[in-house]
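First comes one chain, alone, set out as structure tokens in the form predicted alone.
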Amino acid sequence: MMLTLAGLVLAAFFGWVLLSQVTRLFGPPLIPTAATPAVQAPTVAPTPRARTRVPVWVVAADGTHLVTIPQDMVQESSPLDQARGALDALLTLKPRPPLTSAIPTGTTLLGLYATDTGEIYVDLGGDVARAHPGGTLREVLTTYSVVHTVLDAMPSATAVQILIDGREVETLAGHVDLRRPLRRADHLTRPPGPSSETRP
């Protein structure tokens, strides 16, 4: 009986030693506890993107030249994206009369490409030709409203060539040669007057 008791004590001692070593090596035994609610990270408000104003070119009240209407837009990090944003604004702009848009309704921007020499290719949807009212002066103003809007939004650009549905074309409506990139035509422009506003 004494031997049995001593054996039990000895077994308990070695069990305690073994448990102590396991605890030291692997940490305390896992004890089920109530689930701790997850801590939600605080919501961080996105940093507002910088904005800028870019000029887009529309037909003046007398219908003979172009004037600018500054448009507020996000400041893009890429000059080409900045020009794309300016063109999007030009194609959708509804000027307040007596100013008018030189761009036929429904015209879409299909693409915008740049060369290493600074020439920009603007690919417009076919409605720019199909819906054009015609006439030499009107065609000139349509063409150069695109050219000047791109060159003002992207100062590093040197010239702009207009494509239609991804293809090079001879003219838009029979009068302006579009087979080459076009530079500014400042004789077609005037400083903006007090009526250069957009519809609210």
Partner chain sequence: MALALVGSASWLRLQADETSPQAQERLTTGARVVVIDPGHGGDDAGTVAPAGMPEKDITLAIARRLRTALDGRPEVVTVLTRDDDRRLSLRDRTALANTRRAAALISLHVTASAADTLHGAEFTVLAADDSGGVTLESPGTPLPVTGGGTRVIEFAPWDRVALRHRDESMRLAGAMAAAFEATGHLSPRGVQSAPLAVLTGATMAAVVADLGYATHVDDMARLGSAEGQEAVARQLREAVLQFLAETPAP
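Positions refer to the first chain, counted from 1. Predicted model only: the values in this text are computed from it and were never measured.
FYI, the form predicted together with the partner chain isn't displayed, but the following is about it.
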note = Partner contact check in the model of the complex: of 148-156, 47-55, 66-74, 130-138, the stretch with a heavy atom within 4.5 Å of the partner chain is 130-138
ask   = in the model of the complex, does Ala173 have a heavy atom within 4.5 Å of the partner chain?
value = yes
message = Leu163 versus the partner chain, in the model of the complex: is there a non-hydrogen atom within 4.5 Å?
response = no
request  = Consider Thr108 of the chain shown here, and say whether it contacts the partner chain in the model of the complex, taking contact as heavy atoms within 4.5 Å.
outcome  = no
key: Thr100: touches the partner chain in the model of the complex, heavy atom cutoff 4.5 angstroms   = yes
remark   = Of the residues spanning 143-166, the ones with some heavy atom within 4.5 Å of the partner chain in the model of the complex are Tyr144
